[in-house]
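Just the one chain here, the form predicted alone, laid out as structure tokens.
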């Protein structure tokens, strides 16, 4: 009798786990599907499966978006949004390209300074949102323009140079070593999710009044979210500069929208309080794999944005339908 009751109990626990992490599980499943589709299209075009070069270039090119997606996730969890991420990446990669020199002292010093700039500018966003009680979309849209203007002032024309040692450390082009950073970021998130600040982020995103009633400082939590988002956006700018081995004051512009796309594909709720940075990381890889699939299917580049948007709509609708049916079941 006990054995007959244990099996349904286990199924109930599994179903509860899947339901609680539905967005993340759907993102991981979609990533597997997209990777398989990419491998199939690549094999049809090249007569072989992707190798070390393709894997390495895909991982390296996705890392800036992975970090930008984490930055966006931290803010979205508090029911906000950060449209200044692209401008932050413009500014930080311009600073790195214009000032970083070979030598451990210069590389570490400028990295620390650039991350501090990201934290400081993220704090500015947080102050305007938390203390000024302004809409996040308006605040960060305004600071986006400010950061872009500062980036052009730092590096008026594309150029500068990133030390080869710095590139090798962040995005080694000989092998997909950047996957180590992906694993480290996932582990960091799992630890952060269980910390007091991590719990506070989710609580504020779910219900500010309830969070305040339970002793959570809502303002400090939002400030921390925007500051951490600024740090990860600055880190994304550094990795972007390391990938390109030079700087460009406009190269980060497209990452604002892509970070939101990665968050949505990763199952993070734009209404706050639900989601995972691991899902957003998976969303970043899904986004990049979609671009790769479109490239190898020889679709006219003029129509790639159309198909990317169409794919996003289909995925979001299917995810919503699957989620509803799973909850009802």
Partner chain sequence: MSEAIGAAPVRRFALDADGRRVAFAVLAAAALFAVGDLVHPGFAGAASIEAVALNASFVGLVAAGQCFVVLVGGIDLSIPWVLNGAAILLVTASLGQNARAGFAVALTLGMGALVGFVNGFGIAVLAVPAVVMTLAMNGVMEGLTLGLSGGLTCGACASYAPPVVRAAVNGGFLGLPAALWVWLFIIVAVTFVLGFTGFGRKTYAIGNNALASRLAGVNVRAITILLYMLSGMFSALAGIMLVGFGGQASLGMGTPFLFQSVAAVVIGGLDILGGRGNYVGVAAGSMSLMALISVLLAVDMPEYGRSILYGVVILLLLLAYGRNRAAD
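All values derive from a computational prediction rather than experimental measurement. Numbering follows the first chain given and starts at 1.
The form predicted together with the partner chain is left out here; the points below concern that form.
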(Q) Only one of 240-248, 107-115, 128-136, 169-177 has heavy atoms within 4.5 Å of the partner chain in the predicted complex; I'd like to know which. (A) 128-136
Q) At 4.5 angstroms, heavy atoms only, are 61, 119 and 223 all close to the partner chain in the predicted complex? A) no
Q) For residue 302, is any heavy atom within 4.5 Å of the partner chain in the predicted complex, or not? A) yes
Q. Would residue 43 count as touching the partner chain in the predicted complex under a 4.5 Å heavy atom rule?
A. no
Q. Does residue 312 reach the partner chain in the predicted complex if we count a contact as any heavy atom within 4.5 Å?
A. yes
(Q) Residue-level contact is defined here as any heavy atom of the residue lying within 4.5 Å of the partner chain in the predicted complex; does residue 53 satisfy this criterion? (A) no
(Q) Which residue, 264, 286, 278, 65, is the contact with the partner chain in the predicted complex, using a 4.5 Å heavy atom cutoff? (A) 264
Q. In the predicted complex, which of the listed residues (185, 150, 98, 123) lies with a heavy atom within 4.5 Å of the partner chain?
A. 150
